[in-house]
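In the block that follows, a single chain appears as structure tokens, in the form predicted alone.
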Amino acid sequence: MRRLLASPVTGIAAAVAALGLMSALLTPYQLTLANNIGLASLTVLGLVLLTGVAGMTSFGQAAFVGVGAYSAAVIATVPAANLPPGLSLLAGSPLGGLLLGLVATVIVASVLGAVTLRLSGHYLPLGTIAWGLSFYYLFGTTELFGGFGGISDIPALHLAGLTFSDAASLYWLIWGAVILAVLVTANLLDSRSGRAIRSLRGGQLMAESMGVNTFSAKMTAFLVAALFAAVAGWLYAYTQRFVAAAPFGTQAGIDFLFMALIGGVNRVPGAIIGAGVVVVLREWLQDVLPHLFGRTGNFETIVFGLAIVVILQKTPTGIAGALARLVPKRLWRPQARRRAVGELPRRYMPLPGEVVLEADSITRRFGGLVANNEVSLSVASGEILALIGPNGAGKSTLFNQLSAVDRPTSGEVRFLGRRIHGLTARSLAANGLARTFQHVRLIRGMSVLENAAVGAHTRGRNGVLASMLRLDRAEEARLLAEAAHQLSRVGLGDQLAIKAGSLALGQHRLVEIARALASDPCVLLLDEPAAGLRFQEKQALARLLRQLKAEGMAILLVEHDMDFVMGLADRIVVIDFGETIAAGTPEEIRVNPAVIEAYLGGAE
């Protein structure tokens, strides 16, 4: 599928051929059913991006379908004199209705997103339920929208001299929109902007530390999903020729989420599969179940509820995920390498010996607990500084202060001579500070190459629109080539195309290091980089760090492997209970009585 979508001409030709064959074989009733599947697919495709890829559960997708549908209906049926000022020029124009629906969707989604997307955990889906309900009653109680009685007598759709008045003609328009949306989504996900959205699955802390604007990534997914739904709503209005509030309530939002889960919420084909299964199955169950139970009722909802439970237990990745496991992996494996056009510009490295990162009397309190107490250190360009100490000594807390993930209670951190107070982890990443984490943070469902490419995010400039239109290919090739180069440096050059989740723990850490190096940093913070590595891998890592040091990079590492640290570091700082107890060369630290008592013990 990825290879097919990577060639737009081939993909479109195959889709058009399939649609043509289906249109010739289907009956009028089946064409109507196919149109309903197409409309649902367009809406659910947004949920695949929003919920499956970005990890934000939304029950309010149907509200945006309503925005698009009511925009089309109002512009098509309300006389110009009765329209609000500024909209009279659009009266009677189907494209005017589409334009109004898209603009209204962007405005509404931007306002809702600004509030809702700042929520996390269970508050986010609850927030979408809240505004989903609000829109249902707004649609049903607004006089311009015809109240709960709705808007009827919508004229047939006329575009470019063509009339789309029956299922057969609308079939091509609806499925043309689906094909376009699939291509746009595939292009977006296969890009720098798409990786930013996918990186949300690895946690906001990781994404921000790699230079990703996580709120912008969330808003992008939210807006694209809303716009897909609005287009579906516009098409729905001209398909049904009648618009009322009932199809745009919270129940409809739940139904769309059911479709995504059944089809495969994290796969683009899952939108079409899920929509097809639910629409067809619902039609069949509505005919069969009343005969079985001897009375009418929404029995199909019970069946779908049970089906969701079974699917989540047996195949959490949905039908698309189950089908993917039956296809040879080489056909689904993403492209590992791309031909690069030139190289990415390199960052200016400070002069050798120039202090690039400095902590001055850092204290961090959590209530009555003092995690760091008056800790000071500095690391210079072309130097490896090790930070060691017992578990719970405050090393990772100090790392968070140095990388602007957390803010010290007192004291200050200076990066490249500038006080970082008020700066974000994202801004430090853009200016040359990269880090890894004590607990590995990778996106397990992404390839090793794509994970490493997240680190190069700040070195790209193309945005969402360029990604959707596939105008970013030259830059994308350079970003992926840089990621491949850094993976080769850490010894994973032959693992580019496999899923990161299938690697061993030690290899996870190597991917994190490659991801950090892909940002072209001048300062590298490594949190236990040798943990889980075998002896030969540790030796290779030590050689790489010495090479980076020779290139002028400043390296600060936290590590518990004393043999690794003593043979690598230029200087060592030791902290215990949040306080510095020693600092010096490896030789000095090795014989320091305070360090031996607190940390090294009788190892010597």
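All residue numbers are counted from 1 along the displayed sequence. Everything numeric in this text was worked out from a predicted model, so none of it was measured.
Omitted here: the form predicted together with a small molecule. The next part is about that form.
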(message) in the predicted bound form, does T397 come within 4.5 Å of the small molecule, counting heavy atoms only?
(response) yes
(message) So, S502 and the small molecule: in the predicted bound form, are they within 4.5 Å at any heavy atom pair?
(response) no
(message) Taking the small molecule as it sits in the predicted bound form, is S134 near enough to touch it, meaning that at least one heavy atom pair lies within 4.5 angstroms?
(response) no
(message) Taking the small molecule as it sits in the predicted bound form, is V111 in contact with it (heavy atom to heavy atom, 4.5 Å or less)?
(response) no
(message) For the interface check, one of 387-395, 261-269, 428-436, 212-220 should have non-hydrogen atoms within 4.5 Å of the small molecule in the predicted bound form; which one?
(response) 387-395
(request) Could you work out which of W284, Y348, F293, F366 is the residue within 4.5 angstroms of the small molecule in the predicted bound form, going by heavy atoms? (result) F366
(message) Counting any non-hydrogen atom inside 4.5 Å, which residue from V454, V231, V243, A371 sits next to the small molecule in the predicted bound form?
(response) A371
